[in-house]
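Form predicted on its own, single chain, as structure tokens, below.
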């Protein structure tokens, strides 16, 4: 077996993984990124709309500040986030946006003089100041008080990823693509790398590393209707969960994006609505102001998705062979705007839908999009349970998002957390030595080798493809936007059955090398576990908070549920073990009304000492932000 040695092993080579790798490489450490696909094909490249940072350059962003961004983020999370982490993010984001601009990201820029913008489908005039000419522009996004989403037309993810990948070349980061991490190497206390399968040959390889980062993105493929690419199968979360030591945080917190296209489920960016697009029903009536008079289409994503679902349930959806949908209207923005600032939306609509958005309405409905849950870490990005294991990006529950993340915050998180966590990884590498235990390597290798042999020589009757399809149907039918105890219990029971059946998978093809079937067969038991963590966590959480909406418990219950779920999976169990921790170490902003979405709140009696920022934290966070300049 081939064995590689590196200082930092990044499992995942999207924006978060590459940003951490660059930080380590700049400090002189050897960094290696693993990726299922070539890095520039990572799912980060699919992100369209932009990255939030309080720069306040454009006229509609005047007066913005990290304080306002922080407040928007906390409200967006429905007070489910770690406010210490949210503060670090909001304070650091402006610095990081300027940094990546210096590296080459071609942000759209302010052009001084009169400009025509749109809000709610209607134009208005504004004048951009001469002093701000050439600075980074921003567009409106949902749940924000100011325009602060920095963008490169509607291809922001690709632009930033191309830039970061070039930085990886500059700093000699090793990229090993067409590889899939199957298990972490650990001794129960320290993580020292991973067992990895080559997707070209099927060969198992070992990577020993002083620090290991999980940055594999989300796990949206546990749902059938999702904007996530096929590679978003939760591989990193599965590897962490399978240790039995590392918990996953808030797995029940699943975001549905309002504008997945029908029937493809390909996303069209929130930038469409931020730039002035509107949602229409079967009668081409703009309905969102009826539900959300102030924010309308630019309420937070969880709210807009619920309102759309409610409106269709009232009989106002457009009938189609693919189910009911609504319309997104951007026609009034005009050909120039659509073919420049929304050019990917134009390409998606014309290429995949046969719709020209310049003249036609776009068929949309809510679809699974983002996972607020993931590998639970502390504010430094260090995973619970194993020293030397870190996580960043959507794969992590760093927890600046709580139970709903704002559009533009997650894409920004990849590079903001990537840099912040990267610095903490460098500190760890400078002060830590590790014993690469051969016994730990042998145990991890034997576990995966045995699974592959069992699959290859098995006469098992279960198909990995059938199990995947059944899992996805269960999640769609019972763990969607609106949830209730009966449906969630049904999902838990059905997923338990699937988990048992996944122990009896057989392969139709026996090729050991390039074989997508064996890749899925190795993944599907873990994917079912992720689905079960989501369903079981949602069943136990008897409240409605952010994207977790219980029809039988419609109130947000701060008295009993102002906390974070931690899901562990012990070897041999058919259900996760759930534990809980405080949502935030302190509340710089005490729990209150979001200002949109409505709903009853059961208030908590929060101790006075938790209602202010400890002096040590305030000074530490200020120093950390200063360090990033």
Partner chain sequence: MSRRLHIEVFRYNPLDPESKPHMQSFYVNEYDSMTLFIALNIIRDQHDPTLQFDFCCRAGICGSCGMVINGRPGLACHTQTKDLPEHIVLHPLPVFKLIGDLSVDTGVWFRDAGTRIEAWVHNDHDSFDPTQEEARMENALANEIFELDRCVECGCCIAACGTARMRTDFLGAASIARVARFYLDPRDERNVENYYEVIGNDQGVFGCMGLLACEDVCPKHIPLQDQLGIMRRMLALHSVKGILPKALIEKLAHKGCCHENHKS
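The shown structure was predicted, so the numbers you read here are calculated from the model rather than taken from an experiment. Positions refer to the first chain, counted from 1.
A second form of this protein, the form predicted in complex with its partner chain, is not displayed here; the remarks below concern that form.
Student: Residue-level question: is residue 155 within 4.5 Å of its partner chain in the predicted bound form, judged on heavy atoms?
Tutor: Heavy-atom contact with its partner chain at 4.5 Å: present for residue 155.
Student: With the cut-off set at 4.5 Å between non-hydrogen atoms, does residue 508 touch its partner chain in the predicted bound form?
Tutor: Within the cut-off, so yes.
Student: So in the predicted bound form, is its partner chain close enough to residue 111 to count as touching (4.5 Å, heavy atoms)?
Tutor: Yes - in the predicted bound form, heavy atoms of residue 111 and its partner chain come within 4.5 Å of each other.
Student: Within 4.5 Å, heavy atoms only: does residue 124 come near its partner chain in the predicted bound form?
Tutor: Output for residue 124 is no: heavy atoms all beyond 4.5 Å of its partner chain.
Student: If contact means any heavy atom within 4.5 Å, which of 381-389, 183-191, 227-235, 299-307 contacts its partner chain in the predicted bound form?
Tutor: Stretch 227-235 is the one.
Student: Taking its partner chain in the predicted bound form as the reference, which of 132, 331, 311, 499 has a non-hydrogen atom within 4.5 Å?
Tutor: Comparing distances to its partner chain in the predicted bound form, the residue within 4.5 Å is 132.
Student: Quick check on this chain: which one of 45, 32, 565, 584 has a heavy atom within 4.5 Å of its partner chain in the predicted bound form?
Tutor: Here the answer is residue option 45.
Student: Residue by residue through 97-113, tell me which have a non-hydrogen atom within 4.5 angstroms of its partner chain in the predicted bound form.
Tutor: Residues within 4.5 Å: 98, 99, 101, 102, 103, 104, 105, 106, 107, 108, 109, 111.
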